[in-house]
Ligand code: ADP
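Quick heads-up: it's one chain on its own, the form predicted on its own, in structure tokens.
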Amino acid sequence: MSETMLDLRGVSKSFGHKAVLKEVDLSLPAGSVLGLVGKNGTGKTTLLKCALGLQRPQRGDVHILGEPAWELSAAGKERLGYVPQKIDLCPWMNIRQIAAYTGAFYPRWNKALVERMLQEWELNPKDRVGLLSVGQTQKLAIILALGHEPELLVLDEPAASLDPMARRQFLETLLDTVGERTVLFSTHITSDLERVADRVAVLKDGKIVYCGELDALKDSVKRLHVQAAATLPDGSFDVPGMLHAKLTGNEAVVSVQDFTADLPERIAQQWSASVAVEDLNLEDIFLELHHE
């Protein structure tokens, strides 16, 4: 059985009267790349901070690398890499200085990897950190987080400020350097997630509504196009696992979760209809799960 790198059980976090996380359960096995998706303001950053022990939940338990997150040892922290959404680096240093400064905290620091990535991402070691663009700063933060080759890498919107070419470079670098490492990253760019993640967690209204393999989610959520022989009843039309439906006369477009292979035939028999099944990409699935 593979090691569980991160385990949240019943985690709830509120700020004042606003409940941000509600009884969240999340497990991350070793060697996985898990993408965390959710609307802006749904608590993705709060979840990551609770997972890392940077914020303490009011209820629930969080273990990371086998230790309580709030009491993580120095040895545990050496196994972690983290890039926050809001990056705060020493502005008076140049890139070479901040790389050396960061590396001094870690017994194992891959200087050759850092220098190679600086060159590939076109960051001049002599440039002052405070004068870097937002995208350059994000590149630097990612490089510094990878420099000690962490076992668990946690990234909060890691490519949000990167242009398309830089995002592609980042994803290629992530795939090249991950190896047996475990990665947890939040993102709103679902196409990036589909390229690198094998697992996905969907956060909605403070709760994890899905956590599992990305391929299983794609197999589970489908869009059905139903064409019946007679007008479909707007008030009573229903199918198992229906997320929502749009009816127009004898036609319906239905989104379902927990799709099974026999569902189209069951619908066809019940409503004397033909049923076509449409596969969805992750962006479409995200929109269907968050449909109001």
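Position 1 is the first residue in the sequence shown; the rest follow in order. These numbers come from a predicted model, not from an experiment.
Note that the form predicted together with the named molecule isn't included here; everything after this is about it.
From the list 256 to 264, 45 to 53, 237 to 245, 27 to 35, the contact stretch for the named molecule in the model of the complex under a 4.5 Å heavy atom rule is 45 to 53. If you check the named molecule in the model of the complex, you find no heavy atom from any of 121, 164 and 167 within 4.5 Å. Within 4.5 Å of some heavy atom of the named molecule in the model of the complex lies at least one heavy atom of residue 39. When contacts are judged by a 4.5 Å heavy atom cut-off, residue 18 counts as touching the named molecule in the model of the complex.
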